[in-house]
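Quick heads-up: it's one chain on its own, the form predicted on its own, in structure tokens.
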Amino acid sequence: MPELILHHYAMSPFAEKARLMLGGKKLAWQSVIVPPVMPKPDLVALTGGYRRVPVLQVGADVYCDTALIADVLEHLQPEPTFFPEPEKGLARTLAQWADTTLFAAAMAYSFQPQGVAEIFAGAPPETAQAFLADRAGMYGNQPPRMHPSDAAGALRSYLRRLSDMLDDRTFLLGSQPCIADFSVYHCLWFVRRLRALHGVLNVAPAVLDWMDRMQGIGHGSFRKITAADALAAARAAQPHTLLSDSTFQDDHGIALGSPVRVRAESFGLEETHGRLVAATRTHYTVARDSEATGLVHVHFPRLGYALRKAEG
């Protein structure tokens, strides 16, 4: 089993999703704590620009986005599966809804004034200001998508629908947790942490019981290492992907070997530049070489990310 290095920080919902997925697979991993806001010099050195967490590093391979991290963990440890048959397509679709629509509602609800006061309780005022300014920049300084009162109504509707799914199931799609469970959980996990706001979850007692079952999965076993250790691990290794699909799918007219830039489509718009070494039905991979990391391959899921030509 290769050494798994997770770059994350405690309060990140998507990092909690990754930590719980590692626990679900009963995998050992190494923990590198990343600053919640920019600058993030060590992480950006590894990814070439991408600044979101979590990032999973396996030697000189760097996997961005929890959707892709789930595929890597599934390859390493197929059982218990994240993608059960015959609901595999439904599980992925529900997970994508949770990671986008449900996440947006949960964050809009959580970052109303009462939530912000609790999240940053005891911290200097400039800490909250810096965090909110950082997140506004990640959205391209666009206005908020949802008012907290609208988000509260949306959350209650979603919670009732999730409760209906749990009428005769232990988990959302069956007797075992799948990728949909991990994706829904991390959004509600963040809300549940806020004493001033978590009462919205009481509309769905079955969902709270399900959350207790998900929390019981735990984070597996891990040990802390430094960012310098992680960069050294990248320099000491050669890229060797753990993603199973390799067939070239050209939707952009960009040949393998071309200089490209990749970025998220809607949140965290920093670009990663490199040489295109894979473009499959599920992911893009760019090669980068720097003094800090040596040669690394940075992998992104195709869904939710934009690939463009770059100047050579």
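Quick note: we count residues from 1 along the sequence shown, nothing fancier. This structure is a prediction, so every number in the text was calculated from the model and none was measured.
What comes next is about the form predicted together with a small molecule, which does not appear here.
With the partner omitted here, the residue from 46, 262, 53, 276 that has a non-hydrogen atom within 4.5 angstroms of the small molecule in the predicted bound form is 53.
Residue contact with the small molecule in the predicted bound form: residue 70 places no heavy atom within 4.5 Å of it.
Using a 4.5 Å cutoff between non-hydrogen atoms, residue 248 does not count as a contact of the small molecule in the predicted bound form. Using a 4.5 angstroms limit between non-hydrogen atoms, residue 240 is distant from the small molecule in the predicted bound form. Using a 4.5 angstroms limit between non-hydrogen atoms, residue 272 is distant from the small molecule in the predicted bound form. Taking the partner from elsewhere, every residue among 40, 65 and 135 has a non-hydrogen atom within 4.5 angstroms of the small molecule in the predicted bound form.
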